[in-house]
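Here's a solo chain for you in structure tokens, the form predicted on its own.
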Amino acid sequence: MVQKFKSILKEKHHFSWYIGIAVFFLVIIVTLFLILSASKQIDYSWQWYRVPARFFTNEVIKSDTRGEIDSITIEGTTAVIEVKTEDGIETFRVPENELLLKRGDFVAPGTILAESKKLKPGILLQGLGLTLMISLYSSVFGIIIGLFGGLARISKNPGLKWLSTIYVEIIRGSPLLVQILIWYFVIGTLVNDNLSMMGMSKIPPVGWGIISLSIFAGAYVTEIIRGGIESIPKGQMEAARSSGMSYLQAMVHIILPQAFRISMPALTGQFISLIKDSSLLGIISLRELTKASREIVSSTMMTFEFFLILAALYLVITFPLSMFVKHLEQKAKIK
């Protein structure tokens, strides 16, 4: 990267090129100056020192009852805590060296009984992990749906073609937020009620989140795949069929590999959008990255810090993918 930058500087350019570079850096400097000036004028107490605790935190064991600690018995490296409540005795087992309370102390639901020195992922990292997991599954299922949808769109079978067209138009013509609400509160309620009646486990909210995003992404992937297939010269299919291949063999071995290569930049761009679209799943109580940040802001009132961090985390996820898309586009131009 450094060598490339040096080679660019050594090249001879028109005077307007250097003017453009100067304007670019001037705009960046002025923008940063305005942001810093505005941040100093507002009445806000920055608390960046409290941020790391939301990425990593100590593991704690909390009481889920109210009462008085009646006794503490040490069994090896484990402390057995007996809490006397109105309903009887509740027992908790915690590591002896992590115990924070003593006999006679009163506890309530949420009281920390023991705190580990070991760090565990905090709420932000948990939200980030859930966002990545949902985005990954939705992308995979979206490709599968889009592949079949794209093939149906170019099919000579009118039934498949019309169904695929209706699917694409409905999904692309309605807001994703509305689709998530329908999948979870309408379809999800009906399906889960029937599953309960049959004695089967319900589909959790994360499952409905993945389903809604997969269906949404599948509609866009369908059009991307269709465009990629139609960009391949028809003569290649005719040549494959004349060589003895069936339609399916020609599609799998000749057409689809080229279509995917052509469509790769558009597909990657769609998946970048899908990562950002996952922020809407907080409406069905999924603690993905955006909802986790909102919960932290609500409890700490650290609005600016965590919304800036939220934007930075999404940028960290999507920027490498954006650079990958740019690389693919340049590679396609060379070929």
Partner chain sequence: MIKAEHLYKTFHTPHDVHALVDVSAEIKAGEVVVVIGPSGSGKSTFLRSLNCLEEIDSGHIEIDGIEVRHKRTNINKIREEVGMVFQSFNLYPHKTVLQNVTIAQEKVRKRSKKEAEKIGLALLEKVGIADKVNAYPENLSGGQMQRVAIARSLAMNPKIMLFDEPTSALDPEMIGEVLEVMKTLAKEGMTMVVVTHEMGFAREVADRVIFMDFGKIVEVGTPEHFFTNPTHERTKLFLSQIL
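Numbering follows the first chain given and starts at 1. Bear in mind that the values here come from a model prediction, so they are computed numbers and not experimental data.
The same protein has a further form, the form predicted in complex with its partner chain, not shown here; the description that follows concerns it.
Highlighted residues 235, 239 and 253: every one comes within 4.5 Å of its partner chain in the model of the complex, counting any heavy atom. Only one of 71, 165, 243, 97 comes within 4.5 Å of its partner chain in the model of the complex through a heavy atom, and that residue is 243. For the options 194, 155, 249, 231, the residue carrying a heavy atom within 4.5 angstroms of its partner chain in the model of the complex is 249. Partner contacts here mean any heavy atom within 4.5 Å of its partner chain in the model of the complex, and among 255-263, 168-176, 107-115, 123-131 they occur only in 255-263.
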